[in-house]
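Next up: a single chain in structure tokens, the form predicted on its own.
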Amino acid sequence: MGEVQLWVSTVEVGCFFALLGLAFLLVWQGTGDFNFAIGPLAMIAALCASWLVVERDAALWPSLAAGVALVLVLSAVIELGVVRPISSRTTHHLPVVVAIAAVLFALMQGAGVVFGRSSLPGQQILTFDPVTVGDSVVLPSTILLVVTTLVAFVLVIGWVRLTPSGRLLRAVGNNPDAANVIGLPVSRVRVTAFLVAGMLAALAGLLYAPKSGVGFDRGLTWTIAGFLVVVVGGTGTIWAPLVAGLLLGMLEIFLPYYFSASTPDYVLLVLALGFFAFRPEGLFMKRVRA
């Protein structure tokens, strides 16, 4: 594998991590909570679509739509059925974190029961000839993932900065108590944050599955990846997950190539501990006007 091919893989993995991190960030900005179910939601979208195509001989596009729809329903259920009842009883975040962690494992085991415990191949959404760059090859799935990631970031930034619902998301996330007092639609904003994050997670899972395959046990790994992106990138800007995702993608690809397959695990652990200890706000911290 040449250097160019390594960079192609870095961008591919980095974009996947970035989409997961963006999903984490939106829920954080809209609710002040971390949705640790992002990884399982990405897994379920891809696993549902592959299961319908491979095991039930269903057509591709309806299967993809079914995976996205299932994730949106689950996202709404998590907010309305789990997070909101707990948040209404306490102002502490720990009970919500524990409940969402339980949801993470419930979703993984439920996916194993419904779709089986064997890994399935991801579905190729677009088929055209690979693009050759020097001695390296860029697959259609890679191009689709990169383009979708860039478009998703531009759309989310435009939504958050330019639309009333996006500005509401930031207002409610900054101070939910004040938002309630002045009559802002806090409940609607929270559901919107979970739904948009679920859509991003579903896209991430569907677009990355052709490279990695998908099984019920991927949810936890993908959740850790998305959370690390937020830890490293911080919550100061929407672009932070993209920068942090590409950085972590570079470590994920280059470290096994030059050292050993287990090296990324140790390096990422040390990196996370370093950010927790010395820069908990991440690379991009939120600016506060004096």
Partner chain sequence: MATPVESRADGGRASVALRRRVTPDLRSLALAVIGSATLLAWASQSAFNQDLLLLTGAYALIALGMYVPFVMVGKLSLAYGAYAAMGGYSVGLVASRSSWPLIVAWVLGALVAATAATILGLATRRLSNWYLASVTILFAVAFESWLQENDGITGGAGGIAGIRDFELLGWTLTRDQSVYAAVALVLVVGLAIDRMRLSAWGVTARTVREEPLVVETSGVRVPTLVLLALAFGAAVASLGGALFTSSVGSITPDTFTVHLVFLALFMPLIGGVGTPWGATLGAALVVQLTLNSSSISSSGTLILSVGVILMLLLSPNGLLTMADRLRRVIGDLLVRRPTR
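Only the largest set of C-alpha atoms that superpose within 1.5 Å between the two forms is called the rigid core. Positions refer to the first chain, counted from 1. All of these numbers come straight from a predicted model, not from anything done at the bench.
Another form exists, predicted in complex with the partner chain; not displayed. Remarks below refer to it.
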Give a yes or no on whether every one of 85, 106 and 260 sits within 4.5 angstroms of the partner chain in the model of the complex by heavy atom. yes
Pick from 230, 68, 53, 255: which residue has any heavy atom within 4.5 angstroms of the partner chain in the model of the complex? 230
Within 4.5 Å of the partner chain in the model of the complex, heavy atoms considered, which of 121, 116, 158, 81? 81
Where does the partner chain sit in the model of the complex: which of 193-201, 94-102, 130-138, 160-168, heavy atoms within 4.5 Å? 94-102
Does residue 11 reach the partner chain in the model of the complex if we count a contact as any heavy atom within 4.5 Å? no
Though only this chain appears here, would residue 90 touch the partner chain in the model of the complex if you measure heavy atom gaps against 4.5 Å? yes
Should residue 76 be counted as a contact of the partner chain in the model of the complex, where contact means heavy atoms within 4.5 Å? no
Considering only heavy atoms, tell me if residue 154 and the partner chain come within 4.5 Å of each other in the model of the complex. no
Let me know which residues along 15-34 have a heavy atom within 4.5 Å of the partner chain in the model of the complex, or say none if there are none. 28, 34
Residue 264 C-alpha shift between the shown form and the other one of 2 Å or more, rigid core reference: yes
